[in-house]
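The chain that follows stands alone, in the form predicted on its own, written as structure tokens.
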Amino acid sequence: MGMFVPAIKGQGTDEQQKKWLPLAYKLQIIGCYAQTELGHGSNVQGLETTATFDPKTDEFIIHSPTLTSSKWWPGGLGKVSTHALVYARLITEGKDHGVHGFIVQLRSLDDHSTLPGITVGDIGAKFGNGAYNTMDNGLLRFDHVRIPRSQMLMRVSQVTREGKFIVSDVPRQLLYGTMVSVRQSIVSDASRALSRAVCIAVRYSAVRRQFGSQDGSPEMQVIDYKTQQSRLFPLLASAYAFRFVGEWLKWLYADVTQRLQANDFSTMAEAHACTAGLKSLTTSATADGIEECRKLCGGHGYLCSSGLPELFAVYVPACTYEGDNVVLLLQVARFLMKTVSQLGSGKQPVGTTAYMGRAQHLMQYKCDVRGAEDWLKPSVILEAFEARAFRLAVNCGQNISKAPGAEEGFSELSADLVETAVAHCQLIVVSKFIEKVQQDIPGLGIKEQLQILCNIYALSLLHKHVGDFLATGCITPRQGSLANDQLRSLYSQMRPNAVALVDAFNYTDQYLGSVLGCYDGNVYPKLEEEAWKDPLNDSVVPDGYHEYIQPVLKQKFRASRL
């Protein structure tokens, strides 16, 4: 349902959808998305699997010519799927027409045995205890497997009975529609995963007490230490920020889908750049954030019963699947460089790059901050982030133009381009958070708390990337210092409502799966209870005592045979 069905809906003809979608919806077939290969992940254009058309039989011959052309990683492939949407190089009349999608049956619908020419299995154990090992990731090889010509997805391009390759008016970018769909859902998943980790860490930080007692009074709550707040509260703000940008991304995808149905492909490129960039930004921040929450819970955070190690192991693959995060940022950078290069042509940037249309203003911009409280103004924050993102993009564009060739310049400046893409994506998240706060929000005090969260998110990013803001001349060192002063003040304002803000996620104890993050805060009895559940505690004298421990204690050593 996550990729097989959306791919058929996006790339299949009406006739193909009518045939395959009912079977998939009713689970009369189980499909997977077989794109990634052993030797090629993010480089889709480098896939090696071939689909050669045979006009004599009106069939495609699907073949894996090399070891590295083995499909590797598709979820649901190893033991479950009966069919796969296989991406392969289309070859007709001796010519390679690039990568296209083909529906291939892998297993019998009667006894689930593999069909002739198919080699399929599981790729083996992965990182973590249970974690992502519950996903049936598989490997797949084809040995001249024949399928009917009708099983090539033909909305974007077709192959005739005679073997002629025909390209339709539909842009090839539509092939990425499935990835756009999946990536927008990944952003929402990032908010959920980060908010789970933050909920555990905030609740435990409120229960845990350490140091600070000189007169026999209770020790200080860990959450009251500024060092804890400066690490924890930006993560709480990020969880909310990712939720709101995820909601906006769902709207964007729905809008793009509606346009596509009307054959309007004008927003497809921006949607691809947005989902790619935000997928990268949010998953990296979430994976790092979960690990930071584990550290914020001290030694107890390392216990499996804390829920954090398993959450991390389950989540961290998101930084790689559906596009490696660095590669995705480079795709965003290409989109930004193209946008910058067109500024002088009269073509006005739209959507998330609309700010680039104010090029002259942003290049001359000087931050209007005289006191720390000025950093609470949404317009001040937004313009600072816009100026930083735009100036980084312009600098990269200018430096690329000085290179002997555009591709050579892009390669040489790839590290700078990644930072530029990050700046653009952070601007999107900040702007959507600000838009959310400016809406009419019912409930006493809720708007004020969201405003605090929004400001913490933005100013913590400014603090983290202050070098960018200073190097591009967006702010002065004095203004950067004032932003830090305001950030410390915001932490103090958030502190009284920190627990309430994670309670608002409304996660049950069962869903959190953590003895540290239980709603009742009864941490220590639950820790002990979990400890006694360990099978090692089923016996007082451990297995192996008589063979190994007792001889040492009794000093009964045997002489070495050497």
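Keep in mind that what you see is a predicted model, and the values were worked out from it rather than measured. Think of the rigid core as the biggest set of C-alphas that the two forms share within 1.5 Å after superposition. One-based numbering along the sequence shown.
If you look for the form predicted in complex with another copy of the chain, you will not find it shown, but the lines that follow are about it.
Student: Which of 90-98, 342-350, 323-331, 378-386 has heavy atoms within 4.5 Å of another copy of the chain in the model of the complex?
Tutor: Only one stretch passes the 4.5 Å heavy-atom test: 323-331.
Student: Run the contact test on 391, 500 and 509 with a 4.5 Å heavy atom cut-off to another copy of the chain in the model of the complex and return yes or no.
Tutor: Checking in the model of the complex: none of 391, 500 and 509 is within 4.5 Å of another copy of the chain.
Student: State yes or no: in the model of the complex, is some non-hydrogen atom of residue 247 no more than 4.5 angstroms from a non-hydrogen atom of another copy of the chain?
Tutor: Residue 247: no contact with another copy of the chain in the model of the complex.
Student: Any chance residue 259 has a heavy atom within 4.5 Å of another copy of the chain in the model of the complex?
Tutor: No, no contact at 4.5 Å.
Student: Any of the heavy atoms of residue 169 lying within 4.5 Å of another copy of the chain in the model of the complex?
Tutor: The answer is no: residue 169 has no heavy atom within 4.5 Å of another copy of the chain.
Student: Answer with yes or no whether residue 65 is in contact with another copy of the chain in the model of the complex, where contact means some heavy atom within 4.5 Å.
Tutor: Result no; residue 65 lies far from another copy of the chain in the model of the complex.
Student: Consider the chain as shown here, without its partner, and state which of 38, 518, 494, 61 has a heavy atom within 4.5 Å of another copy of the chain in the model of the complex.
Tutor: Contact with another copy of the chain in the model of the complex is made by 38 alone.
Student: From the list 144, 370, 366, 488, which entry has a heavy atom within 4.5 Å of another copy of the chain in the model of the complex?
Tutor: By the 4.5 Å heavy-atom cutoff, the listed residue in contact is 488.
Student: Residue by residue through 92-121, which ones have a non-hydrogen atom no more than 4.5 angstroms from another copy of the chain in the model of the complex?
Tutor: Heavy-atom contacts to another copy of the chain in the model of the complex: 107, 109, 110, 111, 112, 113, 114, 119, 120, 121.
Student: Checking residue 200 here: with the core superposed, does its CA move 2 Å or more between the shown form and the other one?
Tutor: No, shifts by less than 2 Å.
Student: By the 2 angstroms cut-off, has the C-alpha of residue 308 moved between the shown form and the other one once the rigid core is superposed?
Tutor: Comparing the forms between the shown form and the other one, which are aligned on their rigid core, residue 308 does not shift its C-alpha by 2 Å or more.
Student: Once you line up the core, how about residue 137: does its CA shift reach 2 Å between the shown form and the other one?
Tutor: Passes the 2 Å threshold, so yes.
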